[in-house]
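Take a look at the structure tokens below, where one protein chain is shown in two forms, each on its own, as structure 1 and structure 2.
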Structure 1
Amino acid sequence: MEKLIKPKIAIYDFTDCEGCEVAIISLREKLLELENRLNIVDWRLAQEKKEQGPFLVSIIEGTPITPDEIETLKWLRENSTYIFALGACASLAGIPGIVAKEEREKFYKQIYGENYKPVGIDAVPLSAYVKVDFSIHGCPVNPDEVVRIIEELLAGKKPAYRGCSVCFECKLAGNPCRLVFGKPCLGPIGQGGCNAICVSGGSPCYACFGQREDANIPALIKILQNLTSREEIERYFTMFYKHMPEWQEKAKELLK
């Protein structure tokens, strides 16, 4: 067989829960198949081997909170053809992003006490510091989506985002619509790719796969205002969207 050229890949994790990497390990046999086609030259969680770049792709999980992480991110950008964000922490600032920069000082004192010297600066997505070429969304990522996206890359294609909303996949999953039953849901603005796994389990959808194309946030807020309080709508949107300009500008205005 002709020897395949294996692209050099780096996998990095910044501050986060590492659940997206765990989701990748859940691929088991499929992970082995992927590994055979990639040359993973740097992956702290899984190996000691650590080669320098340049990398074709750096897959980055987590939120760059510490100065060291921000510096590493910039270094990776310089040494990688593509930067892929892995999971909601990297793509949207994720759960760490719930804490606003101006709240950090207060929480540092409350949690660590007066004598603590904080390290973290702010919980923001990778895109706050560097250009991100593609986001593998989710909290956590859907491992099958990881396979699809890497395969598209290996085939020389530009990976594509799912064109549908969470609602579309939720219908396919046969779930009763939360909004129809008076429960808040961000499915209508959320990008698919998750197969509506949270709603299927009975949980709310916070649209962790990012916004779908042409998402109509004002329309959804109007619907939500008929269902629940301003506070609850805000809690829903700030689960993953605190750092989204669309939320910060439009939605805050609408909720006044």
Structure 2
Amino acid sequence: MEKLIKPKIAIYDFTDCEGCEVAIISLREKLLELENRLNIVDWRLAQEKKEQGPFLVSIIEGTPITPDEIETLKWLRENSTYIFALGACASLAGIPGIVAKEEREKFYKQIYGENYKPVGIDAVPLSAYVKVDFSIHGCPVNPDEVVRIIEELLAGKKPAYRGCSVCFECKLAGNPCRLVFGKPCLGPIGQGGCNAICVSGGSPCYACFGQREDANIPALIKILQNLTSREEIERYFTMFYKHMPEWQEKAKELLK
């Protein structure tokens, strides 16, 4: 009987907390089931083996901030049919992207001392350097979403985002609307898929799953301006959107 050739998958991480990869490991038995249908040949965090590409898909966590990371990312792009960004750091620059490039040297010295020689350039999304075929959003990612997207890929389908906002999932969870009660929230423009975990836990939504299609940013900003200050609105948007067109071309302009 001819041996079934399973597609090769690589999982890489750049500058990050590795929380999204830990979320994948937490799948346990489900991860083993997926591995029966694919061949994870390069995953530093979970295995010792390391095979060369080409890969069907490279799943990448973190933002590339050093020259070596940038070169590795470009190599993965050349040797992968698909590139998937894993988590907010990879897809949106995440928490590392909050610090502006011009301010990095100041913070390096403040944290590591005057003699520290930084190698980081800037924290930007993977898409700043290469084409990204799909983003598995989240901070961290929802493990069930990872399974859904990989299963769609293995079934020969083009992975798709959920057609709802975080607001829909908030209603399913029985959460009172933060905006109705005068509290800032980016839920209306945020893609669903997180099960509204932050709001359910008492925190606001910063739309870490990315912007949903047809999001009405001007309408949301108009609501937020009646609830809080310009500085607070900017803080909400720049938590994950500082390097994204959604902020630079729309929200930032509306707040002038």
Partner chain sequence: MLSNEFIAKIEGHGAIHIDWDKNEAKLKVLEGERLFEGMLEGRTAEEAHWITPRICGVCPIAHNLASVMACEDAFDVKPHQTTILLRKLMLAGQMIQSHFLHLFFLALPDYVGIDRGTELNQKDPKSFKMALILKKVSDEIVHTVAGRNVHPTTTTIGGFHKIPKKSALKELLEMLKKTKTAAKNTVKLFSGLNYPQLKVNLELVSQKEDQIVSNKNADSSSIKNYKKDIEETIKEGSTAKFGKYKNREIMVGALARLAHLDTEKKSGPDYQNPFHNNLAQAVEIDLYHNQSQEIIEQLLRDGLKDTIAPKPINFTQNKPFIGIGAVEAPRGGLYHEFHFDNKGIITYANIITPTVQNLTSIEKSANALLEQFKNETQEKKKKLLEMLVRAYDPCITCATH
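C-alpha atoms forming the largest set that superposes within 1.5 Å between two forms make up the rigid core. Just so it is clear, the model here is predicted, and its values are computed rather than measured. All residue numbers here refer to structure 1's sequence, counted from 1.
Enquirer: Please identify the form predicted on its own: structure 1 or structure 2?
Expert: Between the two, the form predicted on its own is shown as structure 2, not structure 1.
Enquirer: Establish whether a shift of 2 Å or more occurs at the C-alpha of Pro176 between structure 1 and structure 2, with the two forms superposed on the rigid core.
Expert: For Pro176, whose C-alpha is compared between structure 1 and structure 2 after core superposition, the shift is less than 2 Å.
Enquirer: If I superpose the two forms on their rigid core, does the C-alpha of Tyr112 end up displaced by 2 Å or more between structure 1 and structure 2?
Expert: Indeed, Tyr112 is displaced by 2 Å or more.
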